[in-house]
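In structure tokens, the next block holds one chain alone, the form predicted on its own.
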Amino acid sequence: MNFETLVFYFLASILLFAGFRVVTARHPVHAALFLVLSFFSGAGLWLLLEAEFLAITLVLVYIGAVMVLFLFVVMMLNLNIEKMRQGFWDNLPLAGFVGILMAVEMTLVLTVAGRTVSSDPVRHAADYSNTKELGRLLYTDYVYPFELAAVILLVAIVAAIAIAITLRHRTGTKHQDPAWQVSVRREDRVRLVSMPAEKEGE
């Protein structure tokens, strides 16, 4: 067993532990921090596969931007953890079935891929750039799926912001109803009072 294999098993064990803690952590902030740890471990595995661009992208984009945003949102929303846990045991059978189904699918994918993909890695020249090759594939052969994924992510971000922030009702806070403000009439706001004029000296 060489050094690269030891590093792989070390990073893979950390990744599995962090992924398990993401699901089982009781506090959302702790789950987000374990997700950051799993991303770092995944970036190390990408480096072992000589995919430096993907590793740096995983660290800069997901850890440097997305996870920081998640942490700020989780801490600012002041989530009611007890309310979120309601109905956990009712949904556990369905969640277990979906998890087992995903495990079976991944097993089948790895089995089929192990039969069809050659185990000998392709050796490239010294001036080969995997970043350039990845960009060429994304913007030529897979440009439409790439743009579709970008649109789906944009819609998901807008929907998450709308649901988590703008549609969240808090007790004890004042808010305006634009529909009620537009439909109001002059008679509802202004009342003319007839008063007799006062005479001088009275």
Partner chain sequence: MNELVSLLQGFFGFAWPLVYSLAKIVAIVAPLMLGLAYLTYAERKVIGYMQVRIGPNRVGPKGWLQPIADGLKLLMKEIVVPTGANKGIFLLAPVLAIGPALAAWAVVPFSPELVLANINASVLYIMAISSMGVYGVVLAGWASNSKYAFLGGMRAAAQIVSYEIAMGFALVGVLMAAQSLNLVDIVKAQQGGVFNWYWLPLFPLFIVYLISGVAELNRAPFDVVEGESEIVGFHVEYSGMAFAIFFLAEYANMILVATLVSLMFLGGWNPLFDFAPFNWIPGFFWLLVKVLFVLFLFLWFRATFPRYRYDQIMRLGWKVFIPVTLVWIVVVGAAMQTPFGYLFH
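Take the two forms, find the largest set of C-alpha atoms that superpose within 1.5 Å, and that set is the rigid core. Positions refer to the first chain, counted from 1. Because the structure is predicted, anything quoted here is derived from the model rather than measured.
What follows is about the form predicted together with its partner chain, which we do not show.
The putative spot formed by Val29, Ile63 and Ser129 is fully lined by its partner chain in the predicted complex; each residue has a non-hydrogen atom within 4.5 angstroms of it. The closest heavy atom approach of Gln181 to its partner chain in the predicted complex falls within 4.5 Å. Not displayed here, its partner chain is approached by Ile56 to within 4.5 Å at the level of heavy atoms in the predicted complex. Its partner chain is not shown here, but in the predicted complex it comes within 4.5 Å of a heavy atom of Leu33.
Interface membership of Val68, defined by any non-hydrogen atom within 4.5 Å of its partner chain in the predicted complex, is confirmed. This chain is displayed alone, yet in the predicted complex one of Met75, Met106, Ile100, Val112 has a heavy atom within 4.5 Å of its partner chain; that residue is Met75. A displacement of less than 2 angstroms separates the C-alpha positions of Leu16 between the shown form and the other one, with the rigid core held in common.
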